[in-house]
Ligand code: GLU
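Take a look at this one chain, the form predicted on its own, written out in structure tokens.
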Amino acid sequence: MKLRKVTAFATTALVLSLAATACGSSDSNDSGSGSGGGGKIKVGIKFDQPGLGLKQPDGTYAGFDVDVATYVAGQLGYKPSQIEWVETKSADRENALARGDVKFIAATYSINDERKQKVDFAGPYLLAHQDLLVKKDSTIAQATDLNGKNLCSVTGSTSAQNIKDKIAPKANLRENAGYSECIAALQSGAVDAVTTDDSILAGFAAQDKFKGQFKLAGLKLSNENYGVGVKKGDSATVTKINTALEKMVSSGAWQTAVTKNFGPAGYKNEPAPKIGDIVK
């Protein structure tokens, strides 16, 4: 009788142990919190920004943010084949992190005080600036030259409003749903300039179909410190990503990624920023 009780107890313990192991294995694969192995890590990027985060016709992904995210994931223990790319549009980045849809986000995600209330940031890994993209032979040399000219940006853009409110109030602002429409308008001559972050503009200008047609004005109208977004309170992941970013810079991989993705547009990038050094 005693033997049967012990055997039953041992059997129950074994079943519970196996169940716990199975649950732990499933969580590791989905969360991306482990050190690779056979699991996956979900990473948020943009799908529609050439030079930064672009889903290509063949289903692969390319751009500076993609290169940064791939390097970081590698330092966390994940091979490129273990990365699951998730489109994270600007308006949904904070929610995606809060819901746990992704482990981290590298998507032209400027660090600011308002966002730091909702998410934590590693980095910055790039200092960008608001700028103008104009035709190669354009005489526009400063933002005030936009008075009386046609300026394009996306609907609700703070970049365009910054120029209208503070720099060139007489500019004729044209707002489109996306930057692709603005670039097409610039190419056709319908507008004289397009404005947003210089990194985004350089990415579009570096596309094969636009090579040699445009130039950046190089005006540095604002400072945009791109950081890697992480779920609020996940300080361990922030520390690991910061270490990865420092290694990416020191190894030369950071500059290689900048040159590859932005070089054809003549993008004069800032030196790699130091971790935690936010330029106001």
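Keep in mind that this is a model prediction, so the values were computed, not measured. All residue numbers refer to positions in the sequence shown, first residue = 1.
One more form of this protein exists, namely the form predicted in complex with glutamic acid; it is left out here, but the text below deals with it.
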Checklist entry - What stretch, of 134 to 142, 72 to 80, 100 to 108, 203 to 211, brings heavy atoms to within 4.5 Å of glutamic acid in the predicted complex? => result 100 to 108
Checklist outcome for this item: From Arg174, Lys164, Arg115, Lys149: within 4.5 Å of glutamic acid in the predicted complex by heavy atoms is Arg115
Next on the checklist: Would you classify Ser180 as touching glutamic acid in the predicted complex, given a 4.5 Å non-hydrogen atom cut-off?
Outcome noted: no
Checklist entry - Is there any non-hydrogen atom of Tyr226 lying within 4.5 Å of glutamic acid in the predicted complex? => result yes
Next on the checklist: With the partner left out here, check for me: in the predicted complex, does some heavy atom of Thr158 sit within 4.5 Å of glutamic acid?
Outcome noted: yes
Checklist entry - So, in the predicted complex, is Asp197 in contact with glutamic acid at a 4.5 angstroms heavy atom limit? => result yes
